[in-house]
Structures are given as structure tokens and as C-alpha cells.
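In C-alpha cells, one chain follows: the form predicted alone.
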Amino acid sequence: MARRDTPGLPDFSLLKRLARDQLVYLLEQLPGKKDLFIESDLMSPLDRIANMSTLKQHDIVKLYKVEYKATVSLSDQLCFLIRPRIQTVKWICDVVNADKAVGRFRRYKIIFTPQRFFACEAVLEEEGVFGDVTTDEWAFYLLPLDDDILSMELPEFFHDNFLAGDQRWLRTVGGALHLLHSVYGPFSKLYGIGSCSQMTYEWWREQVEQGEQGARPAEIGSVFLIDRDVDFVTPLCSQVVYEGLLDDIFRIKCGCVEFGPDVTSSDRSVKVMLNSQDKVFNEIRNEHFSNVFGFLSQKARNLQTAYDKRQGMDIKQMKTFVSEELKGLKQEHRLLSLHIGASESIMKKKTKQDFQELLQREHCLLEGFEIRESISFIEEHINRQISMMESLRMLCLLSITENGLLPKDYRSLKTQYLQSYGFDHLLTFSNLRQLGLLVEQQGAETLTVMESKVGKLVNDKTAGKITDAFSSLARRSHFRALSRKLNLVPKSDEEYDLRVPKDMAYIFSGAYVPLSCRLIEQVLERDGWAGLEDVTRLLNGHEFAVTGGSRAEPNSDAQRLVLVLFLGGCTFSEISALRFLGRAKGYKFIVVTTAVTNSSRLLEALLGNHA
């Protein structure tokens, strides 16, 4: 139950209008008829901002997907809407040079989004086309996926930043935060943890100090920034809330999901927008999957009752019913059929993969019980080649929860995995080791002993620097210690009632409270990191808590609006947990993320063959 009425949300449709107006302005900088080339991963976000009819109003004749081959466009003006990627810029250079080789003159405009990088302009110069094209940037930072979810749609942030060490996207995230501050700020408090969060905050602060400080009412109270590598356990756990399962099985893309013939019970696929406008989905999106069928059957009965009202109506009542209710009932009936079909499809797939046994093994790993049995389960999973990604996920979860694997287990499991799924995954194991997702215990334990001995000889400030130095040598997890200090694994003395959840652990069947969400809860309760020093030390620090420029009343609606920014992606399970926390504590959470992620997307970004 909510402690008190939760505050209303800001109108984020304004962000769409700003993005649309800027894009239109940039397109009009190239007057006349033109063709537009768009990168494939920008097509869905663009459709949410400006559809084809809007583009045609501004002289776009044809739309092409960037496919890295010779262009078939006959237009004399070509516009390219792309991410700042070297490969795409080189392809554009090839297009321009091919035209020059046959003596064809065209005008070219490249619009980089969300920003232009120097490396891309350097390529244009190297290829000899810098003077033939005009470049601009479309500051399309944030796409509202729902009333309380904003996505930057930058899935590459995770790989580029955490694995490759490329920090160029941090300025982009800082730009998104600055946009929110400009439109909905000022913020009263800013909290954060993680090196990326700290750098983003510092860049944002510089921008604010350089800009004009206009006095306006604050619509957002606190901001919490958190790096994805602070909590890898949560995205590696199987999702069991409805929206999370939809994402795991059907892949929600840009707030939209495509249901195939097995769900629609027809010979065609249907695309469905998943947001709070869908009344059926909105009521079950945060529910544990075990509750979903009961809700859908009750909804079906209610819908039938509403249809049955027609019986015995006179002409006037029937006319009112048709004009006011029938259309809504038909729409609800269509959506209900789709969600029932999706639920049945989920049931079939999860039963086939021995899902219950998989969940049981996950829970054992989280609780620290039956580790040898879990290793045997993972070995069987690998040797039967049930699923390459599932096997890798379970290996990573085992490693993180156990603070690394014993050397003999690590070598044995690695060998079995490579023999089952191919030796091209040697680089995958190297990537996982680099991020601390799959490591041996030996080196990390030796460093821990050294660190503790050296730490006793120096003061706290120097000890913090030593901790950073050691953690960079061998990344390691302290999941067990964090779990005890933050009570992440509830005591299993009594059965957990998933119909009436008592805490955020319900999103993982009562087995685990997401570390990321627990940190947010604790920091908001304490108004800072005081009392959490042991926790931040285990998380390698980089925490901060600063006062912003807002002087809103402590109990005002704005002060109870908390914006959480995930750098590296967040899961739908975490969003569900924050919604539950908001209802329980009287907050309203707005989730901003570089992209929505899950275990598959996170691990795919670390595969050795990742482009």
C-alpha cells in the first residue's frame, strides 16, 4: 500500500516535441527534395518522434536503410541520419567518392545523433570528402518510452564504456541530464555511485555553472546516478515479472513488441506498443508471472459482463452503448487476447527449458547453498548444449555470488564451455574476466590480503586510493558481504506471498532484492551515504551526495519525484521494483537509462564476436 498519494509526473511529451522541431529544422537546412538514409537502429526511435508523413511534409521523398552497399537513390540531394560510427562514415565516403568518379554532382548532408565525434570528421578528411559534405548534430538525447521511462537508446554505451574504456558517451549522458535540468529542474539533491556516474555529474555541473541560472519551479526533486557495474547480479537473474518475461522472450524494442502467429492465433504478426495506455498491460506489467493468468481470466469475465449489458437495452441505450463503450471494449478485447496468447507462449517456452529447476538453482546461488549441486547443474546445461547464453549467464552468476571460482572449477567449466560452444569464445572469457563477471578466486584473494595489510598502515583517504588501485588490478565481487549488510536475500523461514508482496524481492519470487534498488532506497532514507561506508568500500567507492539548486518545500510533490539514471542499462525487473518502492514509500520514480537491457543483451555485448 502507498504511504500517501504519489505525486504526478512531468509531461515528457515536451522532449518529443523538442526533438521533432530540431530535426525538422536540420532537414530544412538542405532545401528541396531529398532522400533520407537512416541507420537501422535509429528507425524505431525516429518513428516515435517523426513518422513518414511528417518527413514527407519536409521534402523527404524516399527513405532508405543504411545497408553498406552501393546506393540506388536517384535524388540530387542525400541526407544521412546516423550514429557517430566510423564504419557508417566510411560507407558515406564511398558513396560520395563513387559519385565523384562518374562525374555526378550531388549535395550531401550528414546528421549525427545524438552528437558528432571528432573521429568521424577525421575520417571525412582522410577520405577526401570533408569539403563535399555538410555535417550537423541532432541532440536527440531522450526518448520517452512511457510516462515514467526515458531511454537514450544507446545499447553500445555498455560495451564501449565498461569494456573498451571509451568514455566519449559520458558527455552524451551529461547532455541528457542537462536537458532534463533545463526543462524540468533545478534538482534539489544529486546522489550517485560509480566512476561513470561521478564523471557524468562533474561534466553536468560544469555545464550548469557555465549556463544561465533561470528561476523556475522544480518539477523533479532528487536525482540518483548509478553505474551498471555496481550491480551485475540483478541483470543476470531470470526475470519473472510479466514485462521482464516479455522482454526476455519477445525482445521489447523501443517500447514495442512484435507478437508472432503463435500468439495472435493467425497467420500474421502484430506489433503492440507496451505502455500505460494499454489498460490490460498496465495492470499486469509489474506482476509476478504466477499472478498474471488469474488476472487475465478475471478481466475476461468482466469484459463478458460488459458485453452482456446489451441484452434488454432499448434503442436509445443501445445507441449510447455503441457510441461511448463498444469501441473501447473491442480494443480491450483485442489486447486481452494478445496478452493471453503471450502468456501461453511464455508458459510453453519456460516449461520446455526446465525453468523451475533453473530458478531453483539461481536461488541457491543467491543464498549460497548447494554450490556443488549448482556446478553440476551448469555442467549438464553446458554438455547438453541447452542454451549458449543461459550457460554463460549461470557461469557468471556463480562467479559473482561466490566471489570468483576455485581455479580447478574455473578451468574445468571453461574447457567444457569451449568444447561445447566453440573456441572462438576464448575472447568472450577474456572480456568477462576484465569486467569481473567470470574470474578465478586465487589472484583476487591474494590481493585482498595484501590490501588489508597495507590499509592498516595508512589513513582512510589513502586507503580509499589503495582500494581503487587494487580493484583495477583484479575486479571482484563482494556479493555475500553486501547481501548480509543490505539484507538482499530475505529469510526463507516462511512462504513468500507473491499475490501480496511485502518488499521488492517479489520481482525474483521472494529470493532476492535487487542491489541497485536497495542502494537507492537506503540513500533516500538516509539522505546520503552516511552509515553506508562499509557498503561503498565493497563497491569500490566513487559515491557522492550533493545539494542542487532547488529550494522546494520538503513535502512538495517535486521533492517526492526521484529521477534514477542507469549508466549501462537497466532491466524491466528493476523498473518494477522501483515502482513498488515508490508506492510503499510515497515516491514516484522516473527511470532514465542508456538502454533497457537484460541478461542476453548484456552478455551479447561481451561476446568475442561482438562487432
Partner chain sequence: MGVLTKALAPPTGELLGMTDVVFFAETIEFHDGDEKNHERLVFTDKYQVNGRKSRKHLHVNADPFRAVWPGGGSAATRGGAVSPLREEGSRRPPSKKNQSGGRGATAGGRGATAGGVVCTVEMMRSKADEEEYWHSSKFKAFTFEDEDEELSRLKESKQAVNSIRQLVEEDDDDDTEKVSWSGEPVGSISWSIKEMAGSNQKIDREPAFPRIPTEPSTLNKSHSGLSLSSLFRGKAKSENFQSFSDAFSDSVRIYAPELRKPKSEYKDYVCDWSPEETVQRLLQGKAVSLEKFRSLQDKLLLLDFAVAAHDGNVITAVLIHLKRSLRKEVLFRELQSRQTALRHFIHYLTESREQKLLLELLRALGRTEDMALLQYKEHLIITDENNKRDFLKSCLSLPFSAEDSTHVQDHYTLLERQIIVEAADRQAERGGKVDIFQKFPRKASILNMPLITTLYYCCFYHYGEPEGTFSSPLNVRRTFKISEKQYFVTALAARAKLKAWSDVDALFTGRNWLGFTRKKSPLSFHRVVDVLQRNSAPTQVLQDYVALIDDAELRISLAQKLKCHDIVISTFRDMKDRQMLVAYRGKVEPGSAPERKIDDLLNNQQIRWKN
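Residue numbers count along the first chain shown, from 1. Note that the structure is a prediction, hence the values are computed from the model and not measured.
We do not show the form predicted together with its partner chain, though everything after this point is about it.
**Q** Given its partner chain in the model of the complex, answer whether the residues S53, D160 and L170 all have a heavy atom inside 4.5 Å of it.
**A** Every residue of the spot touches its partner chain in the model of the complex.
**Q** Name the single residue among D497, E494, E357, D527 that comes within 4.5 Å of its partner chain in the model of the complex, judging by heavy atoms.
**A** None of the other options qualify; the answer is E357.
**Q** Have a look at R560, R579, K34, H542 for me and say which one sits with a heavy atom within 4.5 Å of its partner chain in the model of the complex.
**A** Going through each option in turn, the one that passes is K34.
**Q** Would K271 count as touching its partner chain in the model of the complex under a 4.5 Å heavy atom rule?
**A** Yes, K271 sits close enough to its partner chain in the model of the complex that at least one of its heavy atoms falls within 4.5 Å.
**Q** Against its partner chain in the model of the complex, would S44 count as a contact residue? Criterion: heavy atoms within 4.5 Å.
**A** So S44 counts as contacting its partner chain.
**Q** Is it the case that Q22, even though its partner is missing from this view, gets within 4.5 Å of its partner chain in the model of the complex, heavy atoms only?
**A** Q22 belongs to the contact set for its partner chain.
**Q** Find out whether any non-hydrogen atom of H58 is located within 4.5 angstroms of its partner chain in the model of the complex, and reply yes or no.
**A** Although its partner chain is absent here, H58 would touch it in the model of the complex, with heavy atoms inside 4.5 Å.
**Q** Among 108-116, 241-249, 516-524, 398-406, which stretch has residues with heavy atoms no more than 4.5 Å from its partner chain in the model of the complex?
**A** Stretch 108-116 is the one.
**Q** Taking its partner chain as it sits in the model of the complex, which residues of 165-184 have a non-hydrogen atom within 4.5 Å of it? Please list them.
**A** Counting only heavy atoms within 4.5 Å of its partner chain in the model of the complex, the contacting residues of 165-184 are G165, D166, Q167, R168, L170, R171, H178, L179, H181, S182, V183.
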